[in-house]
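As a starting point, one isolated chain is supplied in C-alpha coordinates, in the form predicted on its own.
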Amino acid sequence: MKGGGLNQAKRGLLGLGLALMAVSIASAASVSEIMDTEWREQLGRFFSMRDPSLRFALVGSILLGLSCGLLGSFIVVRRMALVGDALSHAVLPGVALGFLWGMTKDPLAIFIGAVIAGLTGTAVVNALVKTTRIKADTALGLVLASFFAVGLCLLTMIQNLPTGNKSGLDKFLFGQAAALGADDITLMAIVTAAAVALITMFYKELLATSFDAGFARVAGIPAEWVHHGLMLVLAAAVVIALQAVGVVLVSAMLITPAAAAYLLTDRMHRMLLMAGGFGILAGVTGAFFSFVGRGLPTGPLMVIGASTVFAGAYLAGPRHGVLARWWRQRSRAARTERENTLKALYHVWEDDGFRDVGVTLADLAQRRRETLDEALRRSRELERHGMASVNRDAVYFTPQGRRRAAEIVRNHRLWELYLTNSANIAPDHVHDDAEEIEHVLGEKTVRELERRLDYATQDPHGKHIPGPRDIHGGVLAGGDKAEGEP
(Lines give C-alpha, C1' and ligand atoms only; values in the text may rest on other atoms or scores of the structure.)
Protein backbone atom coordinates (compact mmCIF):
# COMPACT_ATOMS: atom_id res chain seq x y z
CA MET A 1 0.00 0.00 0.00
CA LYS A 2 1.44 3.32 -1.03
CA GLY A 3 0.98 6.97 -0.19
CA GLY A 4 -1.79 7.53 -2.79
CA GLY A 5 -4.35 6.16 -0.34
CA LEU A 6 -3.41 8.96 2.05
CA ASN A 7 -4.38 11.57 -0.55
CA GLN A 8 -7.79 9.92 -0.81
CA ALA A 9 -8.07 9.99 2.96
CA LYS A 10 -7.30 13.71 2.98
CA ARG A 11 -10.04 14.37 0.42
CA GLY A 12 -12.42 12.30 2.49
CA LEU A 13 -11.59 14.32 5.60
CA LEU A 14 -12.12 17.56 3.63
CA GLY A 15 -15.58 16.32 2.70
CA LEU A 16 -16.10 15.43 6.35
CA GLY A 17 -15.35 19.01 7.37
CA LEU A 18 -17.85 20.40 4.90
CA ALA A 19 -20.38 17.83 6.03
CA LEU A 20 -20.01 18.80 9.68
CA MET A 21 -20.70 22.42 8.72
CA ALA A 22 -23.89 21.33 7.04
CA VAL A 23 -24.91 19.21 10.00
CA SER A 24 -24.57 22.16 12.33
CA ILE A 25 -27.62 23.71 10.70
CA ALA A 26 -29.50 20.46 10.20
CA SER A 27 -32.03 18.75 12.39
CA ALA A 28 -30.14 15.48 12.89
CA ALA A 29 -31.71 13.65 15.77
CA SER A 30 -30.36 12.02 18.89
CA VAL A 31 -30.92 8.46 20.04
CA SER A 32 -32.44 9.90 23.20
CA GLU A 33 -35.04 12.64 23.00
CA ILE A 34 -35.53 12.81 26.77
CA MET A 35 -34.17 16.12 28.01
CA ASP A 36 -35.15 16.19 31.69
CA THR A 37 -32.88 13.44 33.09
CA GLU A 38 -29.37 13.67 34.48
CA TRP A 39 -26.43 12.16 32.67
CA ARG A 40 -25.98 9.53 35.39
CA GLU A 41 -29.49 8.25 34.81
CA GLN A 42 -28.90 8.29 31.06
CA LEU A 43 -25.72 6.30 31.61
CA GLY A 44 -27.62 3.68 33.56
CA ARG A 45 -30.30 3.48 30.90
CA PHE A 46 -27.64 3.03 28.20
CA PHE A 47 -25.96 0.06 29.86
CA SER A 48 -29.27 -1.50 30.87
CA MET A 49 -30.42 -1.43 27.22
CA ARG A 50 -34.04 -1.20 28.27
CA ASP A 51 -34.97 1.32 25.58
CA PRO A 52 -35.97 -0.37 22.29
CA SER A 53 -34.89 2.66 20.23
CA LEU A 54 -31.44 2.50 21.83
CA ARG A 55 -31.10 -1.20 21.09
CA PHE A 56 -32.02 -0.70 17.45
CA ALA A 57 -29.73 2.31 17.13
CA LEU A 58 -26.80 0.52 18.77
CA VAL A 59 -27.13 -2.64 16.69
CA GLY A 60 -27.59 -0.56 13.55
CA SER A 61 -24.51 1.50 14.36
CA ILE A 62 -22.43 -1.64 14.87
CA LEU A 63 -23.58 -3.15 11.58
CA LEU A 64 -23.02 0.14 9.79
CA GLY A 65 -19.52 0.54 11.22
CA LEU A 66 -18.52 -3.01 10.31
CA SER A 67 -19.77 -2.90 6.72
CA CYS A 68 -18.40 0.59 6.04
CA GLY A 69 -15.03 -0.26 7.58
CA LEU A 70 -14.57 -3.44 5.55
CA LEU A 71 -15.70 -2.04 2.21
CA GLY A 72 -14.02 1.30 2.83
CA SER A 73 -10.66 -0.49 3.06
CA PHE A 74 -10.90 -1.53 -0.58
CA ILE A 75 -12.06 1.95 -1.54
CA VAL A 76 -9.00 3.51 0.12
CA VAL A 77 -6.41 1.15 -1.37
CA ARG A 78 -8.03 1.50 -4.80
CA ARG A 79 -7.84 5.30 -4.49
CA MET A 80 -11.59 5.60 -5.02
CA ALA A 81 -12.59 7.78 -2.08
CA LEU A 82 -14.61 10.06 -4.36
CA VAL A 83 -16.57 7.05 -5.61
CA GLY A 84 -18.02 6.51 -2.14
CA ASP A 85 -18.99 10.16 -1.94
CA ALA A 86 -20.57 10.07 -5.39
CA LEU A 87 -22.48 6.90 -4.58
CA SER A 88 -23.86 8.34 -1.35
CA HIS A 89 -25.29 11.31 -3.24
CA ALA A 90 -26.34 9.34 -6.31
CA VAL A 91 -28.64 7.03 -4.32
CA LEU A 92 -30.87 9.89 -3.16
CA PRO A 93 -33.14 9.80 -6.26
CA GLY A 94 -33.56 6.08 -5.71
CA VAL A 95 -34.64 6.68 -2.12
CA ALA A 96 -37.36 9.04 -3.34
CA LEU A 97 -38.49 6.71 -6.14
CA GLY A 98 -38.60 3.79 -3.72
CA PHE A 99 -40.98 5.79 -1.55
CA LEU A 100 -43.13 6.80 -4.52
CA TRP A 101 -43.44 3.15 -5.57
CA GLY A 102 -45.81 2.37 -2.72
CA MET A 103 -46.18 5.80 -1.09
CA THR A 104 -44.84 4.27 2.12
CA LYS A 105 -41.45 4.17 3.77
CA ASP A 106 -40.89 0.51 2.93
CA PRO A 107 -37.22 -0.32 3.70
CA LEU A 108 -37.01 -2.95 0.96
CA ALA A 109 -38.49 -0.73 -1.76
CA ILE A 110 -36.26 2.18 -0.76
CA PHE A 111 -33.25 -0.15 -0.63
CA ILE A 112 -33.88 -1.51 -4.13
CA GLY A 113 -34.50 1.94 -5.57
CA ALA A 114 -31.39 3.39 -3.96
CA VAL A 115 -29.15 0.52 -5.09
CA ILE A 116 -30.41 0.86 -8.67
CA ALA A 117 -29.81 4.61 -8.56
CA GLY A 118 -26.30 4.11 -7.17
CA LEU A 119 -25.39 1.57 -9.83
CA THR A 120 -26.84 3.84 -12.50
CA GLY A 121 -24.64 6.66 -11.26
CA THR A 122 -21.58 4.37 -11.41
CA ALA A 123 -22.51 3.30 -14.94
CA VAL A 124 -22.84 6.95 -16.01
CA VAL A 125 -19.39 7.70 -14.60
CA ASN A 126 -17.85 4.77 -16.50
CA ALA A 127 -19.62 5.79 -19.70
CA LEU A 128 -18.39 9.38 -19.44
CA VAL A 129 -14.81 8.24 -18.84
CA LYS A 130 -14.81 5.73 -21.71
CA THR A 131 -16.63 7.79 -24.34
CA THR A 132 -15.31 11.30 -23.66
CA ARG A 133 -12.09 13.06 -22.73
CA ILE A 134 -13.44 13.70 -19.23
CA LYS A 135 -11.34 12.26 -16.41
CA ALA A 136 -12.76 10.10 -13.63
CA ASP A 137 -12.71 12.79 -10.95
CA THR A 138 -14.61 15.22 -13.21
CA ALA A 139 -17.18 12.57 -14.10
CA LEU A 140 -17.67 11.74 -10.42
CA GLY A 141 -18.24 15.39 -9.62
CA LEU A 142 -20.83 15.70 -12.40
CA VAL A 143 -22.74 12.61 -11.28
CA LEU A 144 -22.55 13.57 -7.62
CA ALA A 145 -24.02 17.03 -8.22
CA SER A 146 -26.64 16.10 -10.81
CA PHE A 147 -28.02 13.03 -9.06
CA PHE A 148 -28.10 14.83 -5.73
CA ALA A 149 -29.99 17.73 -7.33
CA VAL A 150 -32.55 15.34 -8.82
CA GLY A 151 -32.94 13.66 -5.44
CA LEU A 152 -33.56 16.97 -3.69
CA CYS A 153 -36.18 17.91 -6.26
CA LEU A 154 -37.95 14.58 -5.78
CA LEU A 155 -37.85 14.94 -2.00
CA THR A 156 -39.38 18.40 -2.29
CA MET A 157 -42.16 17.02 -4.49
CA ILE A 158 -42.84 14.29 -1.94
CA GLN A 159 -42.99 16.81 0.89
CA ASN A 160 -45.64 18.73 -1.05
CA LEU A 161 -47.86 15.65 -1.32
CA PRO A 162 -50.78 15.33 1.14
CA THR A 163 -48.86 12.66 3.11
CA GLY A 164 -45.43 14.07 2.39
CA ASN A 165 -44.84 15.61 5.80
CA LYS A 166 -45.14 12.17 7.37
CA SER A 167 -42.80 10.44 4.96
CA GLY A 168 -39.66 11.01 7.05
CA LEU A 169 -37.46 10.93 3.95
CA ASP A 170 -35.72 14.11 5.02
CA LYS A 171 -33.91 11.99 7.62
CA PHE A 172 -31.94 10.39 4.78
CA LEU A 173 -30.16 13.70 4.25
CA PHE A 174 -28.64 13.99 7.71
CA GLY A 175 -29.50 10.68 9.35
CA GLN A 176 -31.58 9.71 12.35
CA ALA A 177 -30.38 6.56 14.08
CA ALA A 178 -33.29 6.82 16.51
CA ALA A 179 -35.68 6.12 13.64
CA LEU A 180 -34.20 2.69 12.92
CA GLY A 181 -36.74 -0.10 13.26
CA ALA A 182 -36.72 -3.89 13.19
CA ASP A 183 -37.08 -3.99 9.39
CA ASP A 184 -34.15 -1.60 8.97
CA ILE A 185 -31.97 -3.70 11.30
CA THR A 186 -32.86 -6.88 9.41
CA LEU A 187 -31.90 -5.31 6.11
CA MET A 188 -28.66 -3.94 7.55
CA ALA A 189 -27.80 -7.37 8.98
CA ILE A 190 -28.38 -9.04 5.60
CA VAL A 191 -26.22 -6.54 3.73
CA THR A 192 -23.43 -6.68 6.33
CA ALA A 193 -23.45 -10.50 6.33
CA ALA A 194 -23.35 -10.49 2.53
CA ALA A 195 -20.40 -8.06 2.55
CA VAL A 196 -18.47 -10.19 5.05
CA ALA A 197 -19.22 -13.38 3.13
CA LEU A 198 -18.22 -11.94 -0.25
CA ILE A 199 -14.99 -10.46 1.09
CA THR A 200 -14.15 -13.81 2.71
CA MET A 201 -14.90 -15.86 -0.41
CA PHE A 202 -13.30 -13.51 -2.96
CA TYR A 203 -10.53 -12.06 -0.83
CA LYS A 204 -7.73 -13.11 -3.18
CA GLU A 205 -9.53 -11.70 -6.21
CA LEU A 206 -10.26 -8.42 -4.45
CA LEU A 207 -6.68 -8.20 -3.23
CA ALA A 208 -5.19 -8.81 -6.67
CA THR A 209 -7.48 -6.37 -8.49
CA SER A 210 -7.01 -3.71 -5.82
CA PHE A 211 -3.21 -3.59 -6.07
CA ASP A 212 -2.43 -4.78 -9.61
CA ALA A 213 -5.35 -5.07 -11.99
CA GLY A 214 -3.01 -5.92 -14.89
CA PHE A 215 -1.56 -8.90 -13.03
CA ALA A 216 -5.07 -10.00 -12.07
CA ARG A 217 -6.14 -10.06 -15.71
CA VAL A 218 -3.04 -12.04 -16.71
CA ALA A 219 -3.79 -14.50 -13.89
CA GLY A 220 -7.26 -15.05 -15.31
CA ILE A 221 -9.17 -13.05 -12.71
CA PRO A 222 -12.18 -11.20 -14.22
CA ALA A 223 -11.15 -7.79 -12.90
CA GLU A 224 -14.13 -5.95 -14.38
CA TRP A 225 -16.64 -8.31 -12.80
CA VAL A 226 -14.87 -8.10 -9.46
CA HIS A 227 -15.00 -4.30 -9.67
CA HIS A 228 -18.69 -4.26 -10.52
CA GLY A 229 -19.43 -6.73 -7.75
CA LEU A 230 -17.61 -4.52 -5.27
CA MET A 231 -19.59 -1.50 -6.48
CA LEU A 232 -22.85 -3.44 -6.02
CA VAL A 233 -22.03 -4.37 -2.42
CA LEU A 234 -20.73 -0.86 -1.78
CA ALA A 235 -23.95 0.67 -3.06
CA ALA A 236 -25.94 -1.60 -0.76
CA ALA A 237 -23.74 -0.63 2.21
CA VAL A 238 -24.19 3.05 1.41
CA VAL A 239 -27.96 2.66 1.33
CA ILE A 240 -28.17 0.95 4.73
CA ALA A 241 -25.97 3.68 6.20
CA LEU A 242 -28.18 6.52 5.00
CA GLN A 243 -30.78 6.07 7.71
CA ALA A 244 -28.16 6.40 10.46
CA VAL A 245 -25.72 9.02 9.20
CA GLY A 246 -27.38 10.46 6.10
CA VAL A 247 -26.21 11.23 2.59
CA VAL A 248 -23.87 13.98 3.74
CA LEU A 249 -21.80 11.90 6.17
CA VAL A 250 -21.92 8.35 4.84
CA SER A 251 -18.77 8.82 2.75
CA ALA A 252 -16.90 9.83 5.91
CA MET A 253 -17.87 6.54 7.57
CA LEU A 254 -16.60 4.69 4.50
CA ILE A 255 -13.25 6.47 4.36
CA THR A 256 -12.24 7.52 7.88
CA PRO A 257 -11.99 4.12 9.68
CA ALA A 258 -10.22 2.62 6.66
CA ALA A 259 -7.84 5.58 6.43
CA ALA A 260 -6.95 5.17 10.11
CA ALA A 261 -6.24 1.47 9.58
CA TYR A 262 -4.19 2.33 6.48
CA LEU A 263 -1.83 4.37 8.65
CA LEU A 264 -1.34 1.53 11.13
CA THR A 265 -0.54 -1.48 8.96
CA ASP A 266 0.87 -2.53 5.60
CA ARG A 267 -1.07 -5.82 5.44
CA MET A 268 -4.52 -5.92 3.86
CA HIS A 269 -6.01 -8.56 6.14
CA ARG A 270 -4.95 -6.56 9.20
CA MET A 271 -6.28 -3.39 7.64
CA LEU A 272 -9.68 -5.05 7.16
CA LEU A 273 -9.81 -6.18 10.79
CA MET A 274 -8.71 -2.78 12.08
CA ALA A 275 -11.06 -0.83 9.82
CA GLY A 276 -14.01 -3.01 10.82
CA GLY A 277 -13.11 -2.60 14.48
CA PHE A 278 -12.68 1.16 14.13
CA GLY A 279 -16.04 1.39 12.36
CA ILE A 280 -17.75 -0.53 15.14
CA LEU A 281 -16.02 1.61 17.76
CA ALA A 282 -17.16 4.78 16.00
CA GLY A 283 -20.74 3.49 15.79
CA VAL A 284 -20.89 2.54 19.47
CA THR A 285 -19.24 5.82 20.47
CA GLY A 286 -21.73 7.84 18.46
CA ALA A 287 -24.70 6.00 19.93
CA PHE A 288 -23.31 6.29 23.47
CA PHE A 289 -22.63 10.03 23.47
CA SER A 290 -25.83 10.77 21.61
CA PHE A 291 -27.87 8.91 24.21
CA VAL A 292 -26.02 10.19 27.28
CA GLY A 293 -25.67 13.71 25.94
CA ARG A 294 -29.38 14.06 25.24
CA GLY A 295 -30.13 15.90 22.03
CA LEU A 296 -26.73 15.35 20.39
CA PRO A 297 -27.04 13.97 16.82
CA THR A 298 -25.97 10.36 16.45
CA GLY A 299 -24.61 10.38 12.89
CA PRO A 300 -22.21 13.30 13.32
CA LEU A 301 -21.00 11.86 16.63
CA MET A 302 -20.23 8.57 14.87
CA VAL A 303 -18.15 10.44 12.31
CA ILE A 304 -16.42 12.46 15.03
CA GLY A 305 -15.59 9.19 16.81
CA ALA A 306 -14.07 7.78 13.60
CA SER A 307 -12.18 11.03 13.04
CA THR A 308 -10.79 10.84 16.58
CA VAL A 309 -9.45 7.37 15.84
CA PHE A 310 -7.91 8.68 12.63
CA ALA A 311 -6.33 11.58 14.50
CA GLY A 312 -4.82 9.12 16.98
CA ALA A 313 -3.40 6.99 14.17
CA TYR A 314 -2.12 10.08 12.38
CA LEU A 315 -0.34 11.39 15.45
CA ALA A 316 0.71 8.25 17.34
CA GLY A 317 0.88 5.50 14.70
CA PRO A 318 3.96 3.33 15.35
CA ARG A 319 5.26 3.56 11.77
CA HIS A 320 3.53 6.36 9.88
CA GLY A 321 2.42 8.56 12.77
CA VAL A 322 3.71 12.11 13.01
CA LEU A 323 5.22 11.56 16.46
CA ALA A 324 6.88 8.30 15.44
CA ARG A 325 8.37 9.89 12.34
CA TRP A 326 9.58 12.87 14.38
CA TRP A 327 11.17 10.59 16.96
CA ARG A 328 12.88 8.48 14.28
CA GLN A 329 14.25 11.58 12.58
CA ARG A 330 15.43 12.97 15.89
CA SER A 331 17.06 9.66 16.88
CA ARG A 332 18.67 9.33 13.46
CA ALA A 333 20.09 12.84 13.65
CA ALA A 334 21.46 12.22 17.15
CA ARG A 335 23.01 8.90 16.10
CA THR A 336 24.60 10.53 13.05
CA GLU A 337 26.08 13.24 15.24
CA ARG A 338 27.52 10.66 17.64
CA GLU A 339 29.03 8.71 14.78
CA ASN A 340 30.56 11.86 13.31
CA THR A 341 32.21 12.49 16.68
CA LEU A 342 33.50 8.91 16.75
CA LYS A 343 34.89 9.36 13.26
CA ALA A 344 36.65 12.57 14.29
CA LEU A 345 38.18 10.80 17.30
CA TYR A 346 39.36 8.00 15.02
CA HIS A 347 40.93 10.47 12.57
CA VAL A 348 42.85 12.22 15.35
CA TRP A 349 43.98 8.88 16.71
CA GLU A 350 44.97 7.74 13.20
CA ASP A 351 46.92 10.93 12.49
CA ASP A 352 48.90 10.26 15.67
CA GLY A 353 49.80 6.79 14.45
CA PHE A 354 47.51 5.05 16.98
CA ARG A 355 50.20 5.64 19.60
CA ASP A 356 48.31 7.32 22.42
CA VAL A 357 45.49 5.67 24.24
CA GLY A 358 43.31 8.76 24.33
CA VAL A 359 42.43 11.83 22.30
CA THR A 360 42.60 15.23 23.93
CA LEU A 361 39.55 17.44 23.89
CA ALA A 362 41.66 20.18 22.29
CA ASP A 363 42.56 17.92 19.36
CA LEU A 364 38.93 16.82 18.99
CA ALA A 365 37.71 20.42 19.03
CA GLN A 366 40.29 21.40 16.45
CA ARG A 367 39.34 18.47 14.23
CA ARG A 368 35.65 19.34 14.41
CA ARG A 369 36.27 23.08 14.28
CA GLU A 370 34.31 23.80 17.43
CA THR A 371 34.88 25.05 20.95
CA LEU A 372 36.19 22.98 23.84
CA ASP A 373 32.77 23.14 25.52
CA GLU A 374 31.12 21.72 22.42
CA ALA A 375 33.74 18.98 22.14
CA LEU A 376 33.18 18.12 25.81
CA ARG A 377 29.41 18.01 25.34
CA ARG A 378 29.72 15.64 22.37
CA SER A 379 32.15 13.46 24.29
CA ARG A 380 29.76 13.27 27.24
CA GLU A 381 27.06 12.18 24.80
CA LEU A 382 29.30 9.34 23.63
CA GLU A 383 29.90 8.43 27.25
CA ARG A 384 26.16 8.21 27.94
CA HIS A 385 25.83 5.71 25.08
CA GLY A 386 28.78 3.59 26.15
CA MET A 387 30.96 4.63 23.21
CA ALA A 388 33.68 6.49 25.10
CA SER A 389 34.86 7.57 28.52
CA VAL A 390 35.99 11.06 29.47
CA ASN A 391 38.80 11.63 31.96
CA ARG A 392 39.93 15.19 32.62
CA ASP A 393 40.88 16.64 29.21
CA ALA A 394 40.99 13.38 27.22
CA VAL A 395 38.51 11.00 25.58
CA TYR A 396 39.02 7.22 25.44
CA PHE A 397 37.26 4.71 23.20
CA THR A 398 35.34 1.85 24.73
CA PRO A 399 35.53 -1.43 22.78
CA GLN A 400 32.07 -0.75 21.37
CA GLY A 401 32.99 2.82 20.43
CA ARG A 402 36.24 1.81 18.75
CA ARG A 403 34.49 -0.83 16.66
CA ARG A 404 31.80 1.58 15.52
CA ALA A 405 34.34 4.31 14.74
CA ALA A 406 36.34 1.90 12.58
CA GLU A 407 33.15 0.78 10.81
CA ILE A 408 32.14 4.35 9.98
CA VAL A 409 35.59 5.15 8.61
CA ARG A 410 35.57 1.88 6.63
CA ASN A 411 32.15 2.66 5.16
CA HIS A 412 33.22 6.15 4.18
CA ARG A 413 36.42 5.12 2.47
CA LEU A 414 34.91 2.09 0.74
CA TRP A 415 32.17 4.25 -0.74
CA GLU A 416 34.66 6.86 -1.92
CA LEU A 417 36.68 4.14 -3.62
CA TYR A 418 33.56 2.61 -5.17
CA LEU A 419 32.43 5.94 -6.64
CA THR A 420 35.91 6.62 -7.96
CA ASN A 421 36.39 3.19 -9.55
CA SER A 422 32.87 2.34 -10.73
CA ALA A 423 31.30 5.74 -11.44
CA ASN A 424 34.48 7.44 -12.60
CA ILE A 425 33.96 10.37 -10.24
CA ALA A 426 36.98 12.45 -9.35
CA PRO A 427 38.39 11.66 -5.89
CA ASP A 428 37.85 15.22 -4.71
CA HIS A 429 34.11 15.00 -5.51
CA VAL A 430 33.16 11.87 -3.58
CA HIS A 431 33.50 13.07 0.01
CA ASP A 432 30.02 14.57 0.43
CA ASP A 433 28.26 11.46 -0.87
CA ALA A 434 30.31 9.26 1.43
CA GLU A 435 29.46 11.52 4.39
CA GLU A 436 25.78 10.66 3.92
CA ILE A 437 26.00 6.99 3.01
CA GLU A 438 28.47 5.97 5.71
CA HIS A 439 25.75 5.98 8.39
CA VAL A 440 23.28 3.73 6.58
CA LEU A 441 25.41 1.06 4.90
CA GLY A 442 24.55 -2.38 6.23
CA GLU A 443 27.01 -5.21 6.67
CA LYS A 444 25.63 -7.12 3.69
CA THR A 445 26.21 -4.13 1.42
CA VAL A 446 29.69 -3.60 2.88
CA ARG A 447 30.61 -7.22 2.15
CA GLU A 448 29.46 -6.77 -1.46
CA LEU A 449 31.44 -3.53 -1.80
CA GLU A 450 34.56 -5.23 -0.47
CA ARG A 451 34.12 -8.08 -2.92
CA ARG A 452 33.64 -5.75 -5.88
CA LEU A 453 36.66 -3.69 -4.88
CA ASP A 454 38.78 -6.83 -4.53
CA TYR A 455 39.21 -6.21 -0.81
CA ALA A 456 41.18 -2.99 -1.37
CA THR A 457 43.06 -1.60 1.61
CA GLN A 458 43.43 2.05 0.53
CA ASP A 459 40.90 4.69 -0.45
CA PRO A 460 41.38 7.12 -3.40
CA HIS A 461 43.39 9.44 -1.14
CA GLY A 462 45.81 6.75 0.01
CA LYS A 463 44.21 6.34 3.44
CA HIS A 464 44.03 2.89 5.03
CA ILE A 465 40.59 1.22 4.89
CA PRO A 466 39.96 -0.57 8.20
CA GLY A 467 39.41 -4.28 7.68
CA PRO A 468 37.78 -6.98 9.83
CA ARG A 469 40.91 -7.36 11.97
CA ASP A 470 41.04 -3.60 12.58
CA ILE A 471 37.37 -3.58 13.65
CA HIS A 472 37.11 -6.80 15.65
CA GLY A 473 40.71 -7.51 16.66
CA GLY A 474 43.50 -5.74 18.47
CA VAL A 475 45.52 -4.60 15.48
CA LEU A 476 45.18 -0.91 16.32
CA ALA A 477 47.95 0.27 18.54
CA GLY A 478 47.43 -0.78 22.11
CA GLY A 479 44.72 -3.33 21.29
CA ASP A 480 42.13 -3.58 24.03
CA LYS A 481 44.43 -1.64 26.31
CA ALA A 482 43.65 1.42 24.25
CA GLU A 483 40.00 1.24 25.17
CA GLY A 484 40.27 2.05 28.84
CA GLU A 485 41.76 4.81 30.83
CA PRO A 486 45.54 4.78 31.55
Partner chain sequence: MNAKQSPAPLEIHDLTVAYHKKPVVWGVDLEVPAGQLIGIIGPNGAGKSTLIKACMGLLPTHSGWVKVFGKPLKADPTRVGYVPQRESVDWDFPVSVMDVVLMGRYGRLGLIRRPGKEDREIARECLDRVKLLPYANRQISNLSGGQQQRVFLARALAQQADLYFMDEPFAGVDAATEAAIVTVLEDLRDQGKTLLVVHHDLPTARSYFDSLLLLNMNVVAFGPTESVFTAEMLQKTYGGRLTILSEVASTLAAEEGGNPVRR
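So that the term is clear: the rigid core is the largest set of C-alpha atoms that superpose within 1.5 Å between two forms. Positions refer to the first chain, counted from 1. Quantities reported herein were computed from a predicted structural model and do not represent experimental measurements.
Although not depicted, the form predicted together with the partner chain is the subject of the following passage.
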Listed residue that, although the partner chain is not shown, lies within 4.5 Å of it in the predicted bound form (heavy atoms), from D373, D352, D393, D212: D212
Of these, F278, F397, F310, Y262, which has a heavy atom no more than 4.5 Å from the partner chain in the predicted bound form? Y262
Considering the partner chain in the predicted bound form, find the one stretch among 262-270, 302-310, 93-101, 322-330 with heavy atoms no farther than 4.5 Å from it. 262-270
Spell out, yes or no, whether the shortest heavy atom distance between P222 and the partner chain in the predicted bound form is within 4.5 Å. yes
Is there any non-hydrogen atom of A195 lying within 4.5 Å of the partner chain in the predicted bound form? no
Give a yes/no on whether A208 approaches the partner chain to within 4.5 Å in the predicted bound form, heavy atoms considered. yes
Does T156 reach the partner chain in the predicted bound form if we count a contact as any heavy atom within 4.5 Å? no
Within 4.5 Å of the partner chain in the predicted bound form, counting any non-hydrogen atom, which residues from 185-201 show up? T200, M201
Using the rigid core as the reference frame, would you say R50 shifts its C-alpha by 2 Å or more between this form and the one not shown? no
